[in-house]
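Next up: a single chain in structure tokens, the form predicted on its own.
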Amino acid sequence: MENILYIDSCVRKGSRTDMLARYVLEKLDGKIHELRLEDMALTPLDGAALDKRTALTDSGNFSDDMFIPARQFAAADIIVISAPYWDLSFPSMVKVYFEHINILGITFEYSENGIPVSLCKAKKLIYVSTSGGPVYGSNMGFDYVKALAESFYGIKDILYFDAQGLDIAGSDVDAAMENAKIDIDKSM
């Protein structure tokens, strides 16, 4: 049975991004552990938090509660991230989450040449997003997560699903959501 980590950054009730992500989750076989970032009360790392984290990691002490999210991420077999498209990227809590889980000694280590080497189990990451308008060019939030997944976490099987233009006057929201589900069905 797969250990599935669902990282939910959706803050609105009835979020279309969350609905699409839950459609993805229905296609997976395993135990789902859900993290609602809004409920985690993570804050951006400041000097004191970085000093504490550095002292603990330098001593090899990963028992502090600050490392729970990183240990959960490293132990997951499949990672699903729901992130609405905000300001060309994702909600800021997603960035803060990655600051908290990108931990030397838990999610990655460095080779002798200074290259990140994964300590994560996950072989698949699925990024789900929706947007009110069109995404011109690339989704920089997805690009950021993909770069971390490939470079630090060793995840090569990365899927991206989205529904765009959902808030444009006259758009067919149901059709856009159904088309995204068809894409999911084809890929999973």
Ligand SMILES: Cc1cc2nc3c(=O)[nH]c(=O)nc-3n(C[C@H](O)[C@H](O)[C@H](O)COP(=O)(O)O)c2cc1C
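Predicted model only: the values in this text are computed from it and were never measured. Sequential numbering from 1, following the sequence displayed.
Omitted from view is the form predicted in complex with the named molecule, to which the following refers.
Colleague: Is there a non-hydrogen atom of residue 132 within 4.5 angstroms of a non-hydrogen atom of the named molecule in the predicted bound form?
Modeller: Although the named molecule is absent here, residue 132 would touch it in the predicted bound form, with heavy atoms inside 4.5 Å.
Colleague: Is it the case that residue 15, even though its partner is missing from this view, gets within 4.5 Å of the named molecule in the predicted bound form, heavy atoms only?
Modeller: Judged by the heavy-atom cut-off of 4.5 Å, residue 15 is in contact with the named molecule in the predicted bound form.
Colleague: Please determine whether residue 24 contacts the named molecule in the predicted bound form, using a 4.5 Å cut-off between heavy atoms.
Modeller: Flag for residue 24 set to no.
Colleague: Is there a heavy atom of residue 98 no more than 4.5 Å from a heavy atom of the named molecule in the predicted bound form?
Modeller: Output for residue 98 is no: heavy atoms all beyond 4.5 Å of the named molecule.
Colleague: Which single stretch, out of 123 to 131, 137 to 145, 57 to 65, 39 to 47, brings residue heavy atoms within 4.5 Å of the named molecule in the predicted bound form?
Modeller: After filtering at 4.5 Å, what remains is 123 to 131.
Colleague: Using the arrangement in the predicted bound form, list in sequence order the residues of 136 to 174 with any heavy atom within 4.5 angstroms of the named molecule.
Modeller: Read in sequence order, the residues that approach the named molecule (within 4.5 Å, in the predicted bound form) are 166, 167.
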